[in-house]
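In structure tokens, the next block holds one chain alone, the form predicted on its own.
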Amino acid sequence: MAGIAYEASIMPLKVLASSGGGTVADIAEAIKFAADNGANVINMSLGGGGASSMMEEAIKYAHNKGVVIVAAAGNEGRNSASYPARYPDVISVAATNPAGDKASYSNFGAGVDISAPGGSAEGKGDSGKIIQNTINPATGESVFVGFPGTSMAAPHVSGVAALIRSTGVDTPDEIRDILLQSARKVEEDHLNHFGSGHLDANAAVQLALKGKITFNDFFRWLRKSGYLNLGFWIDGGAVALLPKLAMVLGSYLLAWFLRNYLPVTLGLNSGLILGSSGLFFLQGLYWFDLPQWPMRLFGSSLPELGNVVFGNANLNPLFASALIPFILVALLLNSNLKWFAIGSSIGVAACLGVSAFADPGIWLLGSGAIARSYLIVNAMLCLGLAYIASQKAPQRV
């Protein structure tokens, strides 16, 4: 069985008696001990009592030493996270059930920062619970047992915090921001059941790595792309080291840029770009003896795609119209990509409107009044389509 950060080192510190009781002083002392002895993440699957200056001082001490602090929001089902989760420097974790809904026992509302799997309290045996490795208090043996609770949800967040830190992000505020920004958003959450949303380990690590060039990533890309094959480096019977090396580095940097600096999710902005201008700067790139059409294709906006497909300098009337935006809206209106479709419609409208006055050349329609009228009418149709779709889609916040 493997946990989230299965290669992390664990520093177990006992602060509660077998009955579950303990003192604020014991917890505060353990927090300082962990911070002084190299802990990067502190998980507190505990709570109860009110605010304590002693506890808050210990948390600030650990936070200032670069430690991420995570705590369970509490299992009372009330509209407020419990302490110590309520302190500003602590990431407060609510629990979700196996369906991804708020667990019945989980605290919510004020103080909740994020949610993670906590399991169901209604299932029989271990059904629906979070399976964990623990100690059987009766025998002292290591066992796997299922439990529900925000105490099970918090370690999920602590594990992802450890993964983020392994990427080189080492300040608690940065790690907190990555956790919250990468969470899967819950659109209807008026009572703050989920905080920033559902914990997303993959998205968190991807966000932490964004913009970084690592050797492992580069080597993996080399292997998958076939560039480690000796045959690639031979050109016409001779070793072409410098040109081939430049090709490898250039293509990797392009892939790295596209992966890290284009929107991860296809939202309104990416739709606007694709519909209006595309990645136009790619059209002029030249990669040695590679054919030029892939760059023209990747650099084209939606109305310009027909130029590449049919090899004509004039706009194609099928692509330079409201047809593709209509198809996108029809297919994506009821999905998470609806704002990409809306943005594409607006972007195409802008492209067609500018083309109508700057360069109205259309294949089969010429470049006169007919072509200009065609572009203007389709630009207006795209705007109308975007307006209608935006009224039917949930509003962006």
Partner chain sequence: MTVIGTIEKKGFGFGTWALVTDDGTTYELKDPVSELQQEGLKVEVKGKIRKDIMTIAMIGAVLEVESYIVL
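Numbering follows the first chain given and starts at 1. As the structure is a computational prediction, the values presented were derived from the model and not from experiment.
One more form of this protein should be noted, the form predicted together with the partner chain, which is absent from this view; the next part is about it.
For the partner chain in the model of the complex, the listed stretch (164-172, 71-79, 189-197, 108-116) containing residues with heavy atoms inside 4.5 Å is 71-79. Proximity of Tyr83 to the partner chain in the model of the complex falls within the 4.5 Å heavy atom cutoff. Within 4.5 Å of any heavy atom of the partner chain in the model of the complex lies no heavy atom of Met380. Though the partner is left out of this view, Gly22 does reach within 4.5 Å of the partner chain in the model of the complex, counting heavy atoms only. Proximity of Gly49 to the partner chain in the model of the complex: non-hydrogen atoms within 4.5 Å are present.
For the options Leu13, Ile388, Leu16, Ile376, the one in contact with the partner chain in the model of the complex, meaning a heavy atom within 4.5 Å, is Leu16.
Residue in contact with the partner chain in the model of the complex (any heavy atom within 4.5 Å), chosen from Leu332, Ile42, Ile27, Ala349: Ile27. Residues of 143-162 lying near the partner chain in the model of the complex, listed in sequence order, are Val143, Val145, Phe147, Pro148, Gly149, Thr150, Ser151, the criterion being any heavy atom within 4.5 Å.
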